[in-house]
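Below sits a lone chain in structure tokens, taken as the form predicted on its own.
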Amino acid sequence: MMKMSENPTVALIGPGAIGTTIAAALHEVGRTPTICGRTAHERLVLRDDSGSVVVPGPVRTDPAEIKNPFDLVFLAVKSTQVEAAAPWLSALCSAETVVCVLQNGVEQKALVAPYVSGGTVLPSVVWFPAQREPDSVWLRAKARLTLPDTPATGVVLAALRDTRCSVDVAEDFTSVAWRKLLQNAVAGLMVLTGRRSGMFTRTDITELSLAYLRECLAVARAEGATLGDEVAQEIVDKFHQSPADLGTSILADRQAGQPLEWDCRNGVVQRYGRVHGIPTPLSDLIVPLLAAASDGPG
């Protein structure tokens, strides 16, 4: 039976931009999580327009130091890093643990479930832009998550109550998750241009983005998402309204020479399109280019 508590024990894997935001939100209300990662840090720093929050460390780097499982684990690593996080998941999780995945994509449960010792994998949609800087993370909008309406969601609601991170619970989580995936998919065009959000104000990029989003929308609907025709324009309008220098995590990874989440953000549309017999001509061009930018050779 899932362990429910008003004050669940919390660990976090991956103190990057999203992970630091969640850690800071918990620390501000006296619920500092156990923080686990690849690199030792004495502290984490989150800043926004109102100031900064310092989360004391250390960031643990050895899974062998973990002696007991936790009620809730936030997994804030990219989809390309899940296998590397497996030793942490093994150490932190029991069959009663809820693992809330703070990650892009619509395949979170399938990707993470093999590593969680029988615990419950809870997908999420992350709606806030957090940007990694040399010594801190810059939170550029209010922190917000969307979670599915399941019993496991109660553990996350308890952990994040009264924090700067709001939580929406969606009965139709499939539609919410696919809408965010469409936003992430078109943001991948930034990798191919090396430009930030300002590029979407170009007429030619607007037209390309709308065509690509309509292709993605057809696949999303085949997968059970209830999304209207207006969604494509709404997503493009949001990019038009964003700061011109606003980036995306996949662009940051490209600039840093890191592997890209091209499959969970873009390849998934091409793959599911083939399953449903839906033509994806733009994906057939965009996906190989993103894959080559990520994995080479050359």
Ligand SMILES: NC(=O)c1ccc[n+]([C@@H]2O[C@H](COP(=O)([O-])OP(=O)(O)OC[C@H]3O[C@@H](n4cnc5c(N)ncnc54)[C@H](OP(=O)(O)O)[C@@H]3O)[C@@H](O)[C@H]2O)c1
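Just so you know, these numbers come straight off a predicted model, no measurement behind them. Counting begins at 1, following the sequence as shown.
In what follows, reference is made to the form predicted in complex with the ligand, a form of this protein that is not presented.
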For the spot marked by P33, P69 and A91, is every residue within 4.5 Å of the ligand in the model of the complex through some heavy atom? no
Which of these stretches, 112-120, 192-200, 223-231, 82-90, has heavy atoms within 4.5 Å of the ligand in the model of the complex? 82-90
Might A76 be said to contact the ligand in the model of the complex, defining contact as any heavy atom within 4.5 Å? yes
Even though the ligand is not shown here, does G154 get within 4.5 Å of it in the model of the complex, heavy atoms only? no
Consider F128 of the chain shown here, and say whether it contacts the ligand in the model of the complex, taking contact as heavy atoms within 4.5 Å. yes
Just checking whether V287 would be counted as a contact of the ligand in the model of the complex - the rule being heavy atoms within 4.5 angstroms. no
Hey, which residues along 22-44 are within 4.5 angstroms of the ligand in the model of the complex, non-hydrogen atoms only? C36, G37, R38, T39, H41
